[in-house]
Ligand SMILES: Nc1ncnc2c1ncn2[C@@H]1O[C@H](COP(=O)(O)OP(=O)(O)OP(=O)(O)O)[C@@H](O)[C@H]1O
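The data below hold one chain only, encoded as C-alpha coordinates and taken in the form predicted alone.
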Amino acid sequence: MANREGAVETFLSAASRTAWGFRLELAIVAALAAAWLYSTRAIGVVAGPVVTTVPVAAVAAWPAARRLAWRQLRYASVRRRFSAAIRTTGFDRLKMGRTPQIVKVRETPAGYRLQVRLPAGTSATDLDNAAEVAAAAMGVADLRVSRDPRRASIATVAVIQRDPLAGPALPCSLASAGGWSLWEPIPVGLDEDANTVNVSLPEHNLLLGGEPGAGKSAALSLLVAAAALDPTVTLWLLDGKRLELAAWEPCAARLVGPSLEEAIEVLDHLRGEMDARYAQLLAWKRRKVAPDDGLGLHVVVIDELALYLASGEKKTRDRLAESLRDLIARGRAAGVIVLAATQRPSSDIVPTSVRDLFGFRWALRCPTRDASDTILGAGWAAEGYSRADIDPASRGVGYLLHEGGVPVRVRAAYLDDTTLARLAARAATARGHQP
(Lines give C-alpha, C1' and ligand atoms only; values in the text may rest on other atoms or scores of the structure.)
Protein backbone atom coordinates (compact mmCIF):
# COMPACT_ATOMS: atom_id res chain seq x y z
CA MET A 1 0.00 0.00 0.00
CA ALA A 2 2.80 2.35 0.95
CA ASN A 3 4.60 1.54 -2.31
CA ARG A 4 1.45 2.30 -4.28
CA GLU A 5 0.97 5.64 -2.49
CA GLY A 6 4.61 6.52 -3.16
CA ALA A 7 4.21 5.69 -6.84
CA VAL A 8 1.05 7.78 -7.08
CA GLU A 9 2.79 10.69 -5.36
CA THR A 10 5.76 10.43 -7.72
CA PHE A 11 3.44 10.30 -10.74
CA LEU A 12 1.43 13.32 -9.59
CA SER A 13 4.60 15.26 -8.87
CA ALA A 14 6.00 14.49 -12.34
CA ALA A 15 2.64 15.32 -13.97
CA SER A 16 2.40 18.65 -12.16
CA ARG A 17 5.97 19.55 -13.15
CA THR A 18 5.21 18.67 -16.77
CA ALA A 19 1.98 20.67 -16.72
CA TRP A 20 3.75 23.65 -15.19
CA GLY A 21 6.50 23.44 -17.80
CA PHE A 22 3.91 23.50 -20.59
CA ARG A 23 1.71 26.09 -18.88
CA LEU A 24 1.94 28.56 -21.75
CA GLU A 25 0.95 26.01 -24.37
CA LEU A 26 -1.81 24.59 -22.15
CA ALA A 27 -3.14 28.09 -21.48
CA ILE A 28 -3.30 28.81 -25.21
CA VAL A 29 -5.08 25.54 -25.94
CA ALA A 30 -7.51 26.12 -23.05
CA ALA A 31 -8.26 29.67 -24.20
CA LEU A 32 -8.90 28.54 -27.78
CA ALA A 33 -11.11 25.67 -26.63
CA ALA A 34 -13.12 27.95 -24.36
CA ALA A 35 -13.53 30.53 -27.10
CA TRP A 36 -14.58 27.81 -29.57
CA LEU A 37 -17.24 26.41 -27.23
CA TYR A 38 -18.57 29.83 -26.20
CA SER A 39 -18.81 31.18 -29.74
CA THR A 40 -20.42 27.97 -31.00
CA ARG A 41 -23.13 28.21 -28.37
CA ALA A 42 -23.58 31.96 -28.80
CA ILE A 43 -23.72 32.38 -32.59
CA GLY A 44 -23.96 28.87 -34.02
CA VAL A 45 -21.89 25.90 -35.04
CA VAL A 46 -20.90 27.53 -38.35
CA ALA A 47 -20.18 31.15 -37.45
CA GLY A 48 -18.65 30.33 -34.04
CA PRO A 49 -15.59 28.44 -35.31
CA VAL A 50 -15.05 31.11 -37.96
CA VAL A 51 -14.99 33.89 -35.36
CA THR A 52 -12.51 31.86 -33.27
CA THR A 53 -10.23 31.08 -36.21
CA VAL A 54 -9.98 34.64 -37.55
CA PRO A 55 -7.87 36.02 -34.61
CA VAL A 56 -5.55 33.02 -34.81
CA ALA A 57 -5.09 33.53 -38.56
CA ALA A 58 -4.49 37.26 -37.98
CA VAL A 59 -1.72 36.52 -35.47
CA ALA A 60 -0.15 34.04 -37.91
CA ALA A 61 -0.34 36.54 -40.78
CA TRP A 62 0.93 39.60 -38.87
CA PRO A 63 4.79 39.35 -38.77
CA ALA A 64 5.23 41.27 -35.50
CA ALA A 65 2.60 39.19 -33.70
CA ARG A 66 3.95 35.99 -35.19
CA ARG A 67 7.48 36.79 -34.03
CA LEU A 68 6.21 37.63 -30.56
CA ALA A 69 4.28 34.36 -30.33
CA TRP A 70 7.23 32.26 -31.51
CA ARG A 71 9.57 34.08 -29.14
CA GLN A 72 7.36 33.30 -26.15
CA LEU A 73 7.13 29.67 -27.22
CA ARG A 74 10.94 29.51 -27.52
CA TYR A 75 11.29 31.06 -24.08
CA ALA A 76 8.91 28.44 -22.68
CA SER A 77 10.99 25.70 -24.29
CA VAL A 78 14.19 27.14 -22.77
CA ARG A 79 12.56 27.23 -19.34
CA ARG A 80 11.60 23.55 -19.60
CA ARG A 81 15.00 22.46 -20.88
CA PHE A 82 16.83 24.38 -18.16
CA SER A 83 14.63 23.05 -15.36
CA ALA A 84 14.94 19.48 -16.64
CA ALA A 85 18.72 19.84 -17.02
CA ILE A 86 19.10 21.17 -13.47
CA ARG A 87 17.18 18.19 -12.11
CA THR A 88 19.60 15.80 -13.81
CA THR A 89 22.45 17.32 -11.80
CA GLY A 90 20.85 16.54 -8.45
CA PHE A 91 20.58 20.23 -7.60
CA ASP A 92 16.96 19.72 -6.56
CA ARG A 93 18.11 17.32 -3.83
CA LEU A 94 19.89 20.20 -2.08
CA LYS A 95 16.58 21.66 -0.96
CA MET A 96 13.49 19.44 -0.86
CA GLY A 97 13.19 18.86 -4.59
CA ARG A 98 13.10 22.55 -5.47
CA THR A 99 14.90 23.98 -8.50
CA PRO A 100 15.71 27.61 -9.38
CA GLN A 101 12.67 29.58 -10.45
CA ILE A 102 13.14 31.34 -13.78
CA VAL A 103 12.01 34.94 -13.39
CA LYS A 104 12.94 36.34 -16.79
CA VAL A 105 14.22 35.08 -20.15
CA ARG A 106 15.97 37.23 -22.74
CA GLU A 107 17.46 36.29 -26.09
CA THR A 108 21.08 37.28 -26.75
CA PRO A 109 23.44 36.88 -29.72
CA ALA A 110 25.06 33.98 -27.84
CA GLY A 111 21.80 32.23 -26.92
CA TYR A 112 19.70 33.20 -23.91
CA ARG A 113 20.08 34.98 -20.59
CA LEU A 114 18.01 33.75 -17.66
CA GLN A 115 17.34 35.53 -14.40
CA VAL A 116 16.59 32.92 -11.75
CA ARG A 117 15.52 32.99 -8.11
CA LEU A 118 17.43 30.47 -6.05
CA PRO A 119 15.64 28.17 -3.58
CA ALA A 120 16.17 29.03 0.08
CA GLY A 121 19.25 27.26 1.41
CA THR A 122 21.15 27.39 -1.89
CA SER A 123 23.44 29.94 -3.50
CA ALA A 124 24.75 30.97 -6.90
CA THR A 125 27.86 28.92 -6.13
CA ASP A 126 25.75 25.75 -5.83
CA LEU A 127 24.19 26.51 -9.20
CA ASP A 128 27.57 27.25 -10.75
CA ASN A 129 28.88 23.90 -9.52
CA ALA A 130 26.05 22.19 -11.41
CA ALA A 131 26.42 24.30 -14.56
CA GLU A 132 28.73 22.04 -16.57
CA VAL A 133 26.56 18.95 -16.16
CA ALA A 134 23.43 21.00 -16.86
CA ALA A 135 24.95 22.42 -20.04
CA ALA A 136 25.63 18.90 -21.28
CA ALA A 137 22.05 17.89 -20.47
CA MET A 138 20.69 20.93 -22.35
CA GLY A 139 22.97 20.26 -25.31
CA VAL A 140 24.49 23.75 -25.27
CA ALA A 141 28.09 24.94 -25.30
CA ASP A 142 28.12 26.41 -21.80
CA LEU A 143 26.11 27.75 -18.88
CA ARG A 144 27.71 30.73 -17.13
CA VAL A 145 26.37 31.66 -13.70
CA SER A 146 26.87 35.03 -12.05
CA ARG A 147 25.43 36.31 -8.78
CA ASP A 148 23.33 39.45 -8.64
CA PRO A 149 25.53 41.92 -6.69
CA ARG A 150 22.46 43.39 -4.96
CA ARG A 151 20.55 40.21 -4.06
CA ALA A 152 22.18 36.91 -3.13
CA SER A 153 18.96 35.05 -3.94
CA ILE A 154 19.09 36.07 -7.62
CA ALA A 155 21.49 34.69 -10.22
CA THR A 156 21.96 35.29 -13.93
CA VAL A 157 22.53 32.28 -16.16
CA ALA A 158 23.93 32.83 -19.66
CA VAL A 159 22.95 29.95 -21.94
CA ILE A 160 25.71 29.88 -24.57
CA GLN A 161 24.61 28.17 -27.78
CA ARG A 162 27.06 29.85 -30.14
CA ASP A 163 30.09 32.15 -30.02
CA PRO A 164 28.79 35.62 -30.90
CA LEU A 165 32.32 36.97 -31.16
CA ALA A 166 33.41 34.59 -33.91
CA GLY A 167 33.45 35.58 -37.55
CA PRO A 168 35.12 38.28 -39.65
CA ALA A 169 36.93 41.24 -38.13
CA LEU A 170 34.76 44.00 -36.69
CA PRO A 171 34.96 47.42 -38.36
CA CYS A 172 36.13 50.28 -36.18
CA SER A 173 33.86 53.30 -35.77
CA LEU A 174 36.95 55.51 -35.43
CA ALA A 175 37.78 54.82 -39.08
CA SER A 176 35.34 57.48 -40.28
CA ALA A 177 35.96 59.97 -37.47
CA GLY A 178 37.22 63.37 -38.54
CA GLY A 179 38.51 63.97 -35.02
CA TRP A 180 38.09 62.79 -31.47
CA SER A 181 38.14 64.05 -27.90
CA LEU A 182 40.00 61.72 -25.58
CA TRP A 183 37.74 62.92 -22.80
CA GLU A 184 34.99 60.91 -24.52
CA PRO A 185 34.72 57.08 -24.18
CA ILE A 186 36.48 55.15 -26.93
CA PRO A 187 34.49 52.38 -28.69
CA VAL A 188 36.87 49.41 -28.77
CA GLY A 189 34.61 46.48 -29.74
CA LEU A 190 31.54 44.43 -28.92
CA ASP A 191 30.61 42.21 -25.98
CA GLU A 192 28.70 38.91 -26.11
CA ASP A 193 25.37 40.76 -26.17
CA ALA A 194 26.48 42.74 -29.24
CA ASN A 195 26.71 45.91 -27.11
CA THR A 196 29.45 48.42 -27.85
CA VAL A 197 32.24 48.32 -25.26
CA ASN A 198 33.81 51.67 -24.43
CA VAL A 199 36.99 52.58 -22.60
CA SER A 200 37.35 55.92 -20.84
CA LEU A 201 41.05 56.77 -20.51
CA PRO A 202 41.29 60.00 -18.46
CA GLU A 203 42.50 59.15 -14.94
CA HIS A 204 43.15 55.55 -15.96
CA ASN A 205 46.10 53.47 -17.11
CA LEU A 206 45.72 50.29 -19.15
CA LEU A 207 47.78 47.11 -19.37
CA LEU A 208 47.29 44.94 -22.46
CA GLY A 209 48.67 41.40 -22.68
CA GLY A 210 48.52 38.23 -24.72
CA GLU A 211 50.58 35.77 -26.69
CA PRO A 212 52.05 36.63 -30.13
CA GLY A 213 49.34 36.72 -32.78
CA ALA A 214 46.54 37.29 -30.27
CA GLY A 215 45.84 40.81 -31.56
CA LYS A 216 47.64 43.02 -29.02
CA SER A 217 48.94 45.52 -31.56
CA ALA A 218 45.56 45.81 -33.27
CA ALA A 219 43.81 46.43 -29.94
CA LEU A 220 46.45 48.94 -28.86
CA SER A 221 46.11 50.80 -32.17
CA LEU A 222 42.44 51.58 -31.35
CA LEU A 223 43.49 53.52 -28.25
CA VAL A 224 46.42 55.20 -29.98
CA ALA A 225 44.16 56.26 -32.87
CA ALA A 226 41.72 57.96 -30.49
CA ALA A 227 44.58 59.77 -28.75
CA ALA A 228 46.15 60.85 -32.05
CA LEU A 229 42.85 62.16 -33.42
CA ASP A 230 42.64 64.58 -30.47
CA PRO A 231 45.04 67.44 -31.31
CA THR A 232 45.04 68.57 -27.65
CA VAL A 233 46.70 65.29 -26.62
CA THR A 234 50.48 65.05 -26.48
CA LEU A 235 51.52 61.60 -27.63
CA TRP A 236 54.69 59.84 -26.46
CA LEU A 237 55.57 56.52 -28.09
CA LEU A 238 57.96 53.85 -26.81
CA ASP A 239 58.14 51.05 -29.35
CA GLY A 240 60.49 48.18 -28.56
CA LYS A 241 60.43 46.98 -32.17
CA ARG A 242 60.13 50.50 -33.64
CA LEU A 243 57.59 49.04 -36.03
CA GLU A 244 54.12 48.72 -34.48
CA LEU A 245 53.80 52.43 -33.61
CA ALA A 246 55.80 53.83 -36.54
CA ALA A 247 52.67 54.99 -38.41
CA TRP A 248 51.89 57.42 -35.57
CA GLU A 249 55.34 59.05 -35.47
CA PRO A 250 54.15 62.25 -37.27
CA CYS A 251 51.55 62.69 -34.50
CA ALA A 252 53.94 62.12 -31.60
CA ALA A 253 56.12 64.46 -29.59
CA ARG A 254 58.69 61.67 -29.47
CA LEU A 255 59.10 58.12 -30.77
CA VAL A 256 61.64 56.02 -28.88
CA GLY A 257 62.99 52.70 -30.09
CA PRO A 258 64.56 49.97 -27.94
CA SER A 259 66.98 52.36 -26.18
CA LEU A 260 66.45 52.25 -22.41
CA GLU A 261 68.35 55.52 -21.95
CA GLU A 262 66.03 57.36 -24.35
CA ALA A 263 63.00 55.80 -22.68
CA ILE A 264 64.20 56.99 -19.27
CA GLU A 265 64.78 60.46 -20.72
CA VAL A 266 61.16 60.64 -21.94
CA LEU A 267 59.71 59.29 -18.69
CA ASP A 268 61.77 61.69 -16.57
CA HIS A 269 60.70 64.59 -18.77
CA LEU A 270 57.08 63.61 -18.17
CA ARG A 271 57.69 63.37 -14.42
CA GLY A 272 58.92 66.96 -14.53
CA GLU A 273 55.83 67.96 -16.50
CA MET A 274 53.68 66.13 -13.95
CA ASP A 275 55.27 68.02 -11.04
CA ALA A 276 54.82 71.33 -12.86
CA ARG A 277 51.15 70.56 -13.44
CA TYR A 278 50.60 69.75 -9.79
CA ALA A 279 52.10 73.10 -8.89
CA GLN A 280 49.73 74.78 -11.36
CA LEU A 281 46.73 72.87 -10.02
CA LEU A 282 47.69 73.87 -6.48
CA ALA A 283 47.77 77.52 -7.55
CA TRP A 284 44.34 77.09 -9.17
CA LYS A 285 43.06 75.28 -6.07
CA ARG A 286 42.03 72.30 -8.19
CA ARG A 287 42.69 68.61 -7.58
CA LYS A 288 42.98 67.35 -11.16
CA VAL A 289 43.09 68.44 -14.79
CA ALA A 290 39.81 69.04 -16.60
CA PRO A 291 38.76 69.34 -20.25
CA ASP A 292 38.40 73.12 -20.01
CA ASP A 293 41.65 74.09 -18.26
CA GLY A 294 43.83 74.10 -21.37
CA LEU A 295 46.43 71.71 -20.01
CA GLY A 296 45.59 68.79 -22.29
CA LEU A 297 46.33 65.13 -21.74
CA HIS A 298 49.64 63.29 -22.11
CA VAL A 299 49.39 59.72 -23.41
CA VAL A 300 52.42 57.44 -23.06
CA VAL A 301 52.19 54.30 -25.22
CA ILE A 302 54.66 51.49 -24.48
CA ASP A 303 54.69 48.53 -26.85
CA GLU A 304 56.82 45.54 -25.78
CA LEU A 305 56.96 46.68 -22.15
CA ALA A 306 58.97 43.58 -21.24
CA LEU A 307 61.84 44.71 -23.45
CA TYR A 308 62.27 47.90 -21.42
CA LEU A 309 61.95 46.18 -18.04
CA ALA A 310 63.84 42.93 -18.67
CA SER A 311 66.78 43.86 -20.88
CA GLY A 312 69.96 45.84 -20.39
CA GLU A 313 71.85 46.40 -17.16
CA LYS A 314 69.99 45.94 -13.90
CA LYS A 315 70.77 49.45 -12.71
CA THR A 316 69.27 50.94 -15.87
CA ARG A 317 66.24 48.66 -15.72
CA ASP A 318 65.59 49.57 -12.10
CA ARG A 319 65.82 53.27 -12.90
CA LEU A 320 63.35 52.90 -15.75
CA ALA A 321 60.96 50.85 -13.62
CA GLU A 322 61.05 53.49 -10.86
CA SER A 323 60.35 56.32 -13.32
CA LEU A 324 57.47 54.38 -14.85
CA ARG A 325 56.06 53.42 -11.45
CA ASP A 326 56.10 57.04 -10.31
CA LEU A 327 54.44 58.23 -13.51
CA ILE A 328 51.63 55.66 -13.27
CA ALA A 329 51.13 56.15 -9.53
CA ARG A 330 50.99 59.96 -9.53
CA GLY A 331 50.15 60.90 -13.08
CA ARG A 332 46.41 60.26 -13.16
CA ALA A 333 45.25 63.56 -11.68
CA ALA A 334 47.87 65.41 -13.75
CA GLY A 335 46.40 64.09 -17.00
CA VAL A 336 49.12 61.53 -17.75
CA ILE A 337 47.83 58.23 -19.16
CA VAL A 338 50.03 55.16 -19.64
CA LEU A 339 49.07 52.42 -22.11
CA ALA A 340 51.38 49.41 -22.04
CA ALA A 341 51.38 46.17 -24.02
CA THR A 342 53.41 43.03 -23.43
CA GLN A 343 53.13 39.27 -23.89
CA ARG A 344 53.20 38.15 -20.27
CA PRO A 345 53.67 40.66 -17.45
CA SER A 346 54.87 38.13 -14.86
CA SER A 347 56.61 39.48 -11.78
CA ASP A 348 60.05 38.36 -12.99
CA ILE A 349 59.61 40.61 -16.06
CA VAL A 350 57.29 43.43 -14.94
CA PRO A 351 57.70 44.30 -11.24
CA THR A 352 54.47 43.93 -9.31
CA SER A 353 54.96 47.49 -8.02
CA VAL A 354 54.41 48.59 -11.64
CA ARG A 355 51.92 45.97 -12.84
CA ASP A 356 49.49 46.37 -9.94
CA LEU A 357 49.07 50.10 -10.60
CA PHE A 358 47.21 49.54 -13.86
CA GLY A 359 43.49 49.94 -13.15
CA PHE A 360 42.39 48.67 -16.57
CA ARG A 361 43.52 45.24 -17.79
CA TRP A 362 42.91 43.76 -21.25
CA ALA A 363 43.84 40.09 -21.62
CA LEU A 364 43.90 38.55 -25.08
CA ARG A 365 44.72 34.89 -25.65
CA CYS A 366 47.34 33.50 -23.24
CA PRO A 367 49.03 30.09 -23.29
CA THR A 368 48.03 29.18 -19.71
CA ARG A 369 45.52 30.15 -17.02
CA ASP A 370 48.39 31.44 -14.86
CA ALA A 371 49.50 33.71 -17.69
CA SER A 372 45.94 35.01 -17.96
CA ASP A 373 45.94 35.80 -14.24
CA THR A 374 49.16 37.81 -14.53
CA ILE A 375 47.24 40.23 -16.78
CA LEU A 376 43.76 40.30 -15.24
CA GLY A 377 44.91 39.72 -11.67
CA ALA A 378 45.18 36.67 -9.42
CA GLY A 379 42.04 34.58 -9.08
CA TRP A 380 40.08 35.56 -12.19
CA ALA A 381 41.00 32.40 -14.10
CA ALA A 382 39.53 30.28 -11.29
CA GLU A 383 36.32 32.31 -11.66
CA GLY A 384 36.10 31.29 -15.31
CA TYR A 385 37.74 34.35 -16.85
CA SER A 386 40.70 32.69 -18.55
CA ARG A 387 42.11 33.62 -21.95
CA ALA A 388 43.76 30.20 -22.20
CA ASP A 389 40.42 28.67 -23.23
CA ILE A 390 39.95 30.74 -26.40
CA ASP A 391 40.44 29.36 -29.88
CA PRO A 392 43.78 30.63 -31.28
CA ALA A 393 41.92 31.60 -34.46
CA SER A 394 39.83 34.12 -32.49
CA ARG A 395 42.17 37.08 -32.83
CA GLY A 396 41.15 40.16 -30.91
CA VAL A 397 38.90 38.27 -28.48
CA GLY A 398 39.74 38.81 -24.83
CA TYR A 399 38.60 39.91 -21.40
CA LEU A 400 38.53 43.61 -20.54
CA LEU A 401 38.61 44.42 -16.85
CA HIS A 402 37.51 47.91 -15.87
CA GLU A 403 38.71 49.29 -12.57
CA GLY A 404 36.59 47.83 -9.77
CA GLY A 405 34.47 45.71 -12.10
CA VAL A 406 34.47 42.18 -13.46
CA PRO A 407 36.04 41.04 -16.74
CA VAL A 408 33.88 41.42 -19.85
CA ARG A 409 34.47 39.20 -22.88
CA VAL A 410 35.13 41.51 -25.83
CA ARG A 411 35.89 41.22 -29.53
CA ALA A 412 38.13 44.15 -30.42
CA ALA A 413 37.45 46.15 -33.55
CA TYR A 414 40.14 46.15 -36.23
CA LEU A 415 41.97 48.85 -38.15
CA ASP A 416 43.71 47.49 -41.24
CA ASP A 417 46.99 49.02 -42.39
CA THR A 418 45.36 51.20 -45.04
CA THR A 419 42.80 52.65 -42.64
CA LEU A 420 45.43 53.10 -39.96
CA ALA A 421 47.68 55.04 -42.35
CA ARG A 422 44.76 57.23 -43.42
CA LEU A 423 43.86 57.99 -39.79
CA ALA A 424 47.48 58.78 -38.92
CA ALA A 425 47.72 61.21 -41.87
CA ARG A 426 44.43 62.85 -40.85
CA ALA A 427 45.62 63.19 -37.24
CA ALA A 428 48.99 64.63 -38.29
CA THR A 429 47.27 67.22 -40.49
CA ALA A 430 44.97 68.24 -37.61
CA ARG A 431 48.08 68.78 -35.47
CA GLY A 432 49.69 70.95 -38.15
CA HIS A 433 52.36 68.36 -38.96
CA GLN A 434 53.36 67.00 -42.36
CA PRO A 435 52.17 63.34 -42.49
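This structure is a prediction, so every number in the text was calculated from the model and none was measured. Quick note: we count residues from 1 along the sequence shown, nothing fancier.
What follows is about the form predicted in complex with this ligand, which we do not show.
Heavy atoms within 4.5 Å of this ligand in the predicted bound form belong, among the stretches 289-297, 206-214, 75-83, 110-118, to residues of 206-214. Interface residue remark: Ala169 is counted as part of the site for this ligand in the predicted bound form, having a heavy atom within 4.5 Å. Looking at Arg395, you'd find a heavy atom of it within 4.5 angstroms of this ligand in the predicted bound form.
At a distance threshold of 4.5 angstroms between non-hydrogen atoms, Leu420 is out of contact with this ligand in the predicted bound form. Interface residue remark: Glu304 is counted as part of the site for this ligand in the predicted bound form, having a heavy atom within 4.5 Å. For the candidate set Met138, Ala218, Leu201, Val159, a heavy atom within 4.5 Å of this ligand in the predicted bound form is found for exactly one residue, namely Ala218.
Proximity to this ligand in the predicted bound form, taken as a non-hydrogen atom within 4.5 angstroms, holds for one residue of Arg254, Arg147, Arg319, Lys241, which is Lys241.
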